[in-house]
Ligand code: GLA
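A lone chain, given as structure tokens: the form predicted alone.
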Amino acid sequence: MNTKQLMSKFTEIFGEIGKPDVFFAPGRINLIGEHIDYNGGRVLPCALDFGTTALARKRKDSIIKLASMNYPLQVTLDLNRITFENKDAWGNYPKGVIDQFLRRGFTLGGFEALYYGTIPTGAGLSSSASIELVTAMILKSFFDCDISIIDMIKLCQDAENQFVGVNCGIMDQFAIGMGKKNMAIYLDCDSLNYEYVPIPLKGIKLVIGNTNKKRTLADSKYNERRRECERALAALQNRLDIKSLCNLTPGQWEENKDIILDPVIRKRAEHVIYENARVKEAVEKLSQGDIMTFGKLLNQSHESLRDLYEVTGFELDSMVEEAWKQEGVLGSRMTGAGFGGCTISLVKEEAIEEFINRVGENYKKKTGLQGDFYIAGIGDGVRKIRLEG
């Protein structure tokens, strides 16, 4: 759907009073570095070139009207009374951002906004964080809020944690806020220290595969894995002066892993330590333009998540294993929390059509589910769109 069509829909919903401004926030994907952010490791996400477009127009009162092209529900609220309500569903994400702006002392006014997202919901590509950041950009622009992008990112995380009640980390909001075209972000989620890493994708595309498997186990297993990592760390601290599992190199791990007697706990720690090392190697190889080795690291990451961390599941494994069989594939792995959601594959451009057809067909035969595939570029972060004319 193009901007002209969205403009027409905006007028249909809100009337012809004045032309709206256009804002955009991308989705995000984590290229490598899974389940290590809460263990002191660094991740390597990037912003995508598709996401959430919002058309918005200021009002002269304190009323806010929110509509979406993706859901029939429309939400109307007053700035003087913002509360979380289950019935408002997707509308609670922009409401949470508005609430956080007010809590920080910014003076806001009413506005009307129409959202249109091209991020598949439930796929783990951060549609909620995209809605949050595009809303924050609307508020910053309309009401001259003196707030940096980094502080907007933190604010949006607070909105999701405190208002919506989802205990997310900051990676999603950071990648969406700070994304840069053809760059990944080497990010420490604790300190927010970061650097940009070039992604040399000449003749190669990122293909995201959505398993369409609902991630029913992701939350409970996430909490379980965190507890297991805490147990591993506590055992290692009896011998070593470390603050997190990712303080250890693989060599140090091999010298000290005997202290962990439980084989399951040992496997969890081994994934974390080697995955953190893979991220560091990935940054080095990408900086050298070595996309082939980066692809191999993706494969190793998936094997570790499958065999050591055990967060993949039949559907993700099936899609990745079918991807590995195809010509023109440099690497493939699950991405996100696991137990459903998406895979990411590096595929040579000339092989993409065959890749999607064959992986899709074989995945359906094995699982009974219809997979969806998206050819993704690495794009810029949240922004206001400058329209010509």
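In this text, residue numbers run from 1 along the sequence as written. Keep in mind it's a predicted model, so treat the numbers as computed, not measured.
Beyond the structure shown, there is the form predicted together with the named molecule, which is absent from this document and is the topic of what follows.
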Inset, instruction - Let me know the one among L77, C168, A277, I147 whose heavy atoms come within 4.5 Å of the named molecule in the predicted complex, would you? - result: C168
Legend entry - in the predicted complex, the residue from P45, G41, G336, G331 that sits within 4.5 Å of the named molecule by heavy atoms: G336
Inset, instruction - Specify the contacting stretch among 194-202, 147-155, 246-254, 169-177, defined as having any heavy atom within 4.5 Å of the named molecule in the predicted complex. - result: 169-177
Legend entry - All of H302, F314 and D372 with a heavy atom within 4.5 Å of the named molecule in the predicted complex: no
Inset, instruction - Answer with yes or no whether E322 is in contact with the named molecule in the predicted complex, where contact means some heavy atom within 4.5 Å. - result: no
Legend entry - 4.5 angstroms heavy atom contact with the named molecule in the predicted complex for G27: no
Inset, instruction - Spell out, yes or no, whether the shortest heavy atom distance between G33 and the named molecule in the predicted complex is within 4.5 Å. - result: yes
Inset, instruction - Find out whether any non-hydrogen atom of W90 is located within 4.5 angstroms of the named molecule in the predicted complex, and reply yes or no. - result: no
